[in-house]
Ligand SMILES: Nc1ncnc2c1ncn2[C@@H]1O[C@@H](CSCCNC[C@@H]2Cc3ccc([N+](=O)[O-])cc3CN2)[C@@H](O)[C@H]1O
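Below you'll find only one chain, the form predicted alone, shown as C-alpha cells.
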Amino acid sequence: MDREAKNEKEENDREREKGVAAMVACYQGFDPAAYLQYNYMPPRADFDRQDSIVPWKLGCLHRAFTEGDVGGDVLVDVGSGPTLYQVLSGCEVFDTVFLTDFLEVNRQELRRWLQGEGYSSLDWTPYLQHVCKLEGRRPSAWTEKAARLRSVVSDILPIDVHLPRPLHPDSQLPTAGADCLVSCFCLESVSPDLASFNRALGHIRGLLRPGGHLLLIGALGESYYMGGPGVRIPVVPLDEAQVCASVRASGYTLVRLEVYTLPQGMMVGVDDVTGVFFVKARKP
C-alpha cells in the first residue's frame, strides 16, 4: 500500500470511529420504558387488528421458525434491546438462547423479566398469548411458554456489532458458531451510515456457523426514531434493494424478503419509518 492510499485509509478509519462514537453518545439517553411504550403498545401492538405491525413481525418469525429448515442447538439474538418478542417462537426450537445488547439498561430490563423479580416495563403476556395461538395452542398456555423461555435463555451478554468480534471470547458461544441469529431493528439503528451497516452485517456473520440462518427485521425509509423523551436517534434509511444487496454482499444467501408498509394508523409520531422488512437468509 503506497503512502497516499495508507493515509486515505487512516483518514477513513478515523471518520468511521468518529461516526460510531457519535452513535454511542446518542444512546446514552436511551430510555427502555419509553421506547417500549412508543412501539410495543397499541396501535402498533394491537392483536385484534390485522394491519398492526407487531402481529406482522410475530407472524414472520413464527413461519421462519416452523418451516423445518431452521434448527440446531444455539440461537443468538443480536441487539435485543429491551424486547423479548423476537425469541418467543425460537425458544421452542432451540435449547440454548443468548440475548445480547450494547446497553446495560436494556440488559437490566431483560433480566428483570427473565428472573421474575422486580418491575418489568412491559407486560409481555399478550405477546406470549398471541404466539401460543399462532402455534395452535390455547392462549392460556402462555405461562408454559414463559417458563420455557426463562429455562432456555443461557445468558444476557454485552455486544458491539461494530467490532470484528462482536461478542467477548468468553461468551460461551460454541466455537463453530450459533445455529441461528435473530436481529430486529438493531444494525440500521446503531450505524452512522450504510457502509457501517454493511460492516456490522458482516461482523455478526462471524457468530454464525456455516449452514446457519439469519432472521433479520428492520426499518425501511427511516431516518430517526425516539429512544426516549427528547432522545432523537439517527437511523440509516434503507430500501428493499439496499437490504437485499447488503445481505448478499455480506456473504449470506438470501432465502426470502417480506415487506410490511405502515398504514397511516401506525404512524404515531415517534419515528418516520415507512415500512418494515423481514429477511430470512443462510450462511453458505
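The first residue of the sequence shown is number 1, and the count goes up from there. Bear in mind the structure is a predicted one, so any value in this text is a computation, not a measurement.
Here the subject shifts to the form predicted in complex with this ligand, a form of this protein not shown in this document.
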Answer key, this ligand contact in the predicted complex at 4.5 Å (heavy atoms) among Val236, Ile53, Val243, Leu215: the residue is Ile53
Exactly one of Phe185, Tyr127, Phe197, Phe98 comes within 4.5 Å of this ligand in the predicted complex through a heavy atom, and that residue is Phe185
Only one of 139-147, 100-108, 173-181, 87-95 has residues with a heavy atom within 4.5 Å of this ligand in the predicted complex, and that stretch is 100-108
Original post:
Closest heavy atom of Ser250 to this ligand in the predicted complex, within 4.5 Å or not?
Top reply: no
With heavy atoms only and a cut-off of 4.5 Å, decide whether Phe65 touches this ligand in the predicted complex. no
Taking this ligand as it sits in the predicted complex, is Ile159 near enough to touch it, meaning that at least one heavy atom pair lies within 4.5 angstroms? yes
>> Please tell me whether any heavy atom belonging to Leu201 falls inside 4.5 Å of a heavy atom of this ligand, as the geometry stands in the predicted complex.
In response: no
Review point. In the predicted complex, do Arg44, Gly81 and Val190 all reach within 4.5 Å of this ligand through at least one heavy atom apiece?
Key: yes
Those residues of 253-274 with a non-hydrogen atom no more than 4.5 Å from this ligand in the predicted complex are Leu262, Asp271, Val273
